[in-house]
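Next up is one chain by itself, shown in structure tokens, the form predicted on its own.
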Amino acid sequence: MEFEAVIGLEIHVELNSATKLFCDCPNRPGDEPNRNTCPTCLWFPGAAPRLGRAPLEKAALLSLGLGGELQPRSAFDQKVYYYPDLPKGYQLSQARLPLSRGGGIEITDEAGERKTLRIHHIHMEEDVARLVHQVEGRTPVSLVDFNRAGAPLVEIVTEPDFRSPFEAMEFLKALRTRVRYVGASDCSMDNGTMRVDANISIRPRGSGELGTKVEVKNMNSVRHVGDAIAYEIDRQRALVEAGEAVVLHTRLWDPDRKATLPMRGKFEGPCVPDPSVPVIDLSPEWIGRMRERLPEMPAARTARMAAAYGLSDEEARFLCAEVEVADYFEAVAREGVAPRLAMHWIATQLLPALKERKLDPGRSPVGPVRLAALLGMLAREEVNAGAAREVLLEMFDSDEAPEAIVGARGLTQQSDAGQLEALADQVLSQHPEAVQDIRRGQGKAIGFLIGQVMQASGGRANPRVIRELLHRKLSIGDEPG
């Protein structure tokens, strides 16, 4: 029997508001343990939660950026469960009346077809404290850090529209891009500001029935999400083919074993309306103001940049995948650099150098103005591409202008044909075999000769002028444009 997977995702995104959801404590979970707490975080007697405006606005912008419809009325409930990471014995979450309904993201599936993956709803909730398990002597102990307790979250619950690990991964990458565009979160799975649970089941292909689902947790990268889903699909298929039942429960992804492992039975505690947090009533005017605050989103920006800068759709999508990269590119282009030259250097030189140094474009030591100055020198043939790459790397460790670095290191390009002619003659006399190869029609040898002249010039010669010289001396024909 041929099976198909049915997959839905539950994605927790930690909002980057300055304060927690129901109090004025700093929203900095990574600080020294238990530093950012108050009676509300710790749920002392008499504590009264107060919904913060900043987290609400962040959640609203995130919802609108994902195509959701903000609801005129939403409310918080008490999701009851007893665990040391939640001192009041319940979590405040919008279980019945979520902040937003609907929305979705269009992706390209494995077959190259466009497919919309729908969002069911988006709701707000508070984060729980962090449990720290360690050993003191020979005694295992569990400690609680309440810095994270009360941090503002949204949970994005999708429809079960996904049919493959690839679709889940593409959805997460596109979602992360949109959330970063609206400035609601950095959505880093490495840092825990985006956490993903996957609900996975299988059914006979063509069936409309839903099989028993299994929830998978503990996936800390987009790649791990794909790997965990793929493993779980295979595991469930093997069970069904062996005549065994798939049991409803929760499993953990073990990246070392590359397998999902049993965690616990699936249990939903009671959920009751919370009387302490007022209902959220959003007026059409307020919702309209939030819409006006939305930035240009990735799809619109991709189309505009492709048209405005003469880029291909693929090039524009690459630049717009990260808002900071798109901003950087446009800042360089505003300095008068040819768009395609700017795109090429950002993609092939700047971003790899930043990745190696674990930096992002927003924190790059080489700002757009400095890169534009270097590319201007390259366009004016004051330096060649090899020298420009050397200068760019030095700019990461120096505040000097690229012009100063070029001058200090003697990297100014030699473009005078008279000065380079002697080097060309020398190389031609030293490599008669390559000359004969060219005369026999083996044009690839010209690249070897150009490299030899470049080496003889200490990397300072203008490759275009060298090529013109060699073509003329060897009577190869018209110099290609």
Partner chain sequence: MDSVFVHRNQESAPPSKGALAGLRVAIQPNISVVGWPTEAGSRALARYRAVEDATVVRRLRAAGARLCGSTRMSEFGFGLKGSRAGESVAGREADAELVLDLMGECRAAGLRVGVCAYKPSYGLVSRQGIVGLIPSMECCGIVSESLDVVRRVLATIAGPDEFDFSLPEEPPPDFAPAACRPASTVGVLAEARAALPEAEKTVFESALEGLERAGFSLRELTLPDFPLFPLVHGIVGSVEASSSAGRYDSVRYGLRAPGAGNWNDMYLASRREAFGTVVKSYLLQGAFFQFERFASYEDACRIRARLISGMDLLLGQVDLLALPAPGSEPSDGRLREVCAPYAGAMFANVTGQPVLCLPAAAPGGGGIQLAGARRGDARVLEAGERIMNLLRRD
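Computed from a prediction, not measured in an experiment: that's the story for all the values here. Numbering follows the first chain given and starts at 1.
Another form exists, predicted in complex with the partner chain; not displayed. Remarks below refer to it.
- Relative to the partner chain in the model of the complex, residues 66, 105 and 288 are all farther than 4.5 Å at every heavy atom.
- Interface residue among 336, 386, 269, 295 relative to the partner chain in the model of the complex, by the heavy atom within 4.5 Å criterion: 269.
- Listed residues 361, 87, 376, 368 were compared with the partner chain in the model of the complex; 87 is the one with a heavy atom within 4.5 Å.
- Using a 4.5 Å cutoff between non-hydrogen atoms, residue 78 counts as a contact of the partner chain in the model of the complex.
- Although the partner is absent here, residue 181 is not a contact residue: none of its heavy atoms lies within 4.5 angstroms of the partner chain in the model of the complex.
- Shown alone here, residue 210 lies farther than 4.5 Å from the partner chain in the model of the complex, counting heavy atoms only.
- Of the heavy atoms in residue 142, some are within 4.5 Å of the partner chain in the model of the complex.
- Of the candidate stretches 25-33, 47-55, 66-74, 428-436, only 47-55 has residues whose heavy atoms lie within 4.5 Å of the partner chain in the model of the complex.
- If you take 272-308 and check each residue for a heavy atom within 4.5 Å of the partner chain in the model of the complex, you get 272, 273, 275, 276, 278, in sequence order.
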